[in-house]
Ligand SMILES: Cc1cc2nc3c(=O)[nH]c(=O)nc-3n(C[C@H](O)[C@H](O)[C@H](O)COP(=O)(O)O)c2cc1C
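Presented below, as structure tokens, is a lone chain in the form predicted alone.
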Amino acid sequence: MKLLFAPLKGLTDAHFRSFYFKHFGGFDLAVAPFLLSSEDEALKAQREGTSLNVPLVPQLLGNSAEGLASFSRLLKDHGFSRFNLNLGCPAPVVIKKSKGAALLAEPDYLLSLLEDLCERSALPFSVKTRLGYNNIDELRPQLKKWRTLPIEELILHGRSARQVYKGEVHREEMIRCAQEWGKPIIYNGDVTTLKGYEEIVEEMGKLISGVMIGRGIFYNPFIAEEIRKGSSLPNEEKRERFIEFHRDIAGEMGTRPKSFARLKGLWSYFTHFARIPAEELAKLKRLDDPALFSKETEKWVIKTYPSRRTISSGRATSSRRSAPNSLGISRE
């Protein structure tokens, strides 16, 4: 089963990926957040600013086959062998421009765009999309026509665009879409724990060929490694490796006000890993000293992932030691 590192605009850029893949592993492929046709410098940063141990696939966003095809030639010139087409972004700024998931509401135009792009593109491409724009039953009828096109792969997020990232992931509809597509899909949506991953694989079986993980890498940066291993990593290892990673990225991002603000933004997601209560996170974000901010956030990581020596000293009971936490990871 392939594991794909998801593109999260504003989060998993070249800078973040370079640090993440220095400290964590388990992924077969990384998809970069979408580029726009006017962002030639951003394109270079995507390629040159990452020293990954996994292949990198750039993502494009657009509603013009001509523009996307032109960009595909630029990608080819930069040494890429394929790209991913974003038909799933639900961000209001994207929707207003009739891009991303907004195209799902225009099935005839979208089909024409895909047909034209398949003819014009200099590179093969995959599609990342959702179950629909307003409702979760909108994509399936479109797949009857999409499946005749030479689209490399279908990455499917199990929500409608209207849901954004809230509400349930509709696995039953994903199963129906996979059956309509006629080929295994890549599953995407709320993969945040090893247990959750195992449930998805058990339920969907041969209908999926891989799983894409997005916010799960912030909820548990070790998730791909734990999936490969089939069990959680020891507390000591998780604590020490995360702190090493954090000191690397915080040392880089604490040097400029904008970068420090972005580091605080990352902790809106890492708070799930360190299990920091919302009110405590709000206090941390009011800190103006990057060094103090890093020190205080690391204290939460140490508290959340105690060593066995700490547990045996009586600070944690044996019942707590064996109980899984909210991420499904054993405290052992």
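Sequential numbering from 1, following the sequence displayed. Since the model is a prediction, treat every value here as computed from it, not as a measurement.
Separately, the form predicted in complex with the ligand exists; it is not shown, and the next lines address it.
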item: Heavy atom distance at most 4.5 Å to the ligand in the predicted complex, all of P221, H246 and F293; value: no
item: Which of 250 to 258, 146 to 154, 198 to 206, 211 to 219 sits within 4.5 Å of the ligand in the predicted complex, heavy atom basis; value: 211 to 219
item: Partner contact for K22 in the predicted complex: the ligand, 4.5 angstroms, heavy atom; value: no
item: L11, heavy atom within 4.5 angstroms of the ligand in the predicted complex; value: yes
item: L3, heavy atom within 4.5 angstroms of the ligand in the predicted complex; value: no
item: Contact of P33 with the ligand in the predicted complex (heavy atom, 4.5 Å); value: yes
item: Selected contact from D190, E106, E236, E180, since only one has a non-hydrogen atom within 4.5 angstroms of the ligand in the predicted complex; value: D190
item: Contacts with the ligand in the predicted complex - residues in 162 to 181 whose heavy atoms fall within 4.5 Å; value: Y165
